[in-house]
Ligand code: TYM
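As a starting point, one isolated chain is supplied in structure tokens, in the form predicted alone.
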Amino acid sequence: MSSPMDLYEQLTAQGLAVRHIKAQKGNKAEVESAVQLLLRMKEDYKLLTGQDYQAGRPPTHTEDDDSGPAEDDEDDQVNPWNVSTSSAKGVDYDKLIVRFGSCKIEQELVDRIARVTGKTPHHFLRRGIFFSHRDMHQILDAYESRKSFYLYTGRGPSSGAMHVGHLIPFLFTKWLQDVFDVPLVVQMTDDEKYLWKDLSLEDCHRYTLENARDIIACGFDPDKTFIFSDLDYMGASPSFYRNVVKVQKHVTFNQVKGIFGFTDSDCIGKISFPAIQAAPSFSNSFPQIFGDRNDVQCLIPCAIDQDPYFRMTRDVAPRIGYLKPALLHSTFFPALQGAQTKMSASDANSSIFLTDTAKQIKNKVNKHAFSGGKDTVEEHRKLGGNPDVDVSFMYLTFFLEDDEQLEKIRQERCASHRRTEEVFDRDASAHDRGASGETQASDRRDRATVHDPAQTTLQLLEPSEERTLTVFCSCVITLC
């Protein structure tokens, strides 16, 4: 079933087709057929959206939803700069799917991914951590037809170290690259952070290089991975900049105000930035990888708060002759204080950074982690815990790969066998004996050295020193 935004775009295209036929003085039967199809599509649109179709006015609460900071009629606020909810269980993702006009990842799609790849689906898919998509079936259709696609994800470097929540899209993207054997581009939006944060241009670029080391250390295929800084690449790639300008021409100021909530007091850099985040969605932005091809579709794994950028991109793409990017959306990694907001590098007490020591992690968890427990130990042991709001258990759902073990822990939490600090103490002792799975690779890595940051690619060289990344998952998710 088409989403409201898809039907709106089909209607717009059909309206253009009718005008073209009339302008070319087509025969009466051809004109009537095209007009009747347009009228039927308008009826379908009103049935689906409850709104009359109006050219130039996309449906509300869908791909061009006013999803800026002001969302007074919603309990959940989700946009690229703010995620918050009043619920201790976190954002209502089913409502978010409806509001954004995306499609839920059903079991049928998970099963299809398993069939197409011949691999067991990643536990992020099995557990609904990646829960929403746009056009993933189209990507699989192309893959089965031996047509290529590529991956695109990114990072806005606002601190010298990434936190564990930042790993989620990169760990999943690594799995996608492995199972589909496709190229990946990673955009480091240091320009964005300069525009939005109180940071110097030099600090933003330095954070790019620091964060790139952590990203490289996830283990991406160096022969098929291109990591670039906007501050470097924009001036070195005419093809990339041409696509930025194309997008800028086809998006009005009113549209970006509606999508992103910009105001008249925002700097013009913010208003133009969405076109820069859109450009990597088009394959000819990277001629060193794809030549002048513009027919290689893009798949973007990202947290759903980034979706407004790509709703805009998907609206513009067919108008400039490009394929729409497909998307896979993840849930948010909760802050230590609870799932009412996501973990943020801006708040050191809400985050576990990849460079935190085991002692720092333990102190943060014991001091700040929300458990949803009862007022007293005795009451907690008597009445039981609530894993639906317990942050430490939520973290396990992200990083503990063993489904049976996770269910056992969930039952223990419900039965009140252990409190949060008791879970952590046991997990920390397990860390001393070694972690497992992909989280072990994240625990202690070789330092990735960036070669010549003035170049347009960040290359992984031989490790010059060892960088210890005491990742939270190694302290909190590995159980005996």
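The first residue of the shown sequence is 1; numbering continues from there. Nothing here was measured: the structure is a model prediction, and the numbers come from that model.
Omitted here: the form predicted together with tryptophanyl-5'AMP (TYM). The next part is about that form.
- Looking at 302-310, 239-247, 387-395, 287-295, the stretch with residues near tryptophanyl-5'AMP (TYM) in the predicted bound form, meaning non-hydrogen atoms within 4.5 angstroms, turns out to be 302-310.
- In the predicted bound form, every residue of the candidate spot (P169, S330 and K342) has a heavy atom lying within 4.5 Å of tryptophanyl-5'AMP (TYM).
- At the 4.5 Å threshold, heavy atoms of Y152 reach tryptophanyl-5'AMP (TYM) in the predicted bound form.
- Contact annotation: S102 falls outside 4.5 Å of tryptophanyl-5'AMP (TYM) in the predicted bound form, judged by heavy atom distances.
- D232 falls outside the set of residues with a heavy atom inside 4.5 Å of tryptophanyl-5'AMP (TYM) in the predicted bound form.
- In the predicted bound form, tryptophanyl-5'AMP (TYM) sits beyond 4.5 Å of every heavy atom of Q77.
- The partner is absent here; in the predicted bound form, the one residue of K193, R314, H133, K174 having a heavy atom within 4.5 Å of tryptophanyl-5'AMP (TYM) is K193.
- Checked against tryptophanyl-5'AMP (TYM) in the predicted bound form, the residues R213, H122, H163, H205 give one hit for a heavy atom within 4.5 Å, which is H163.
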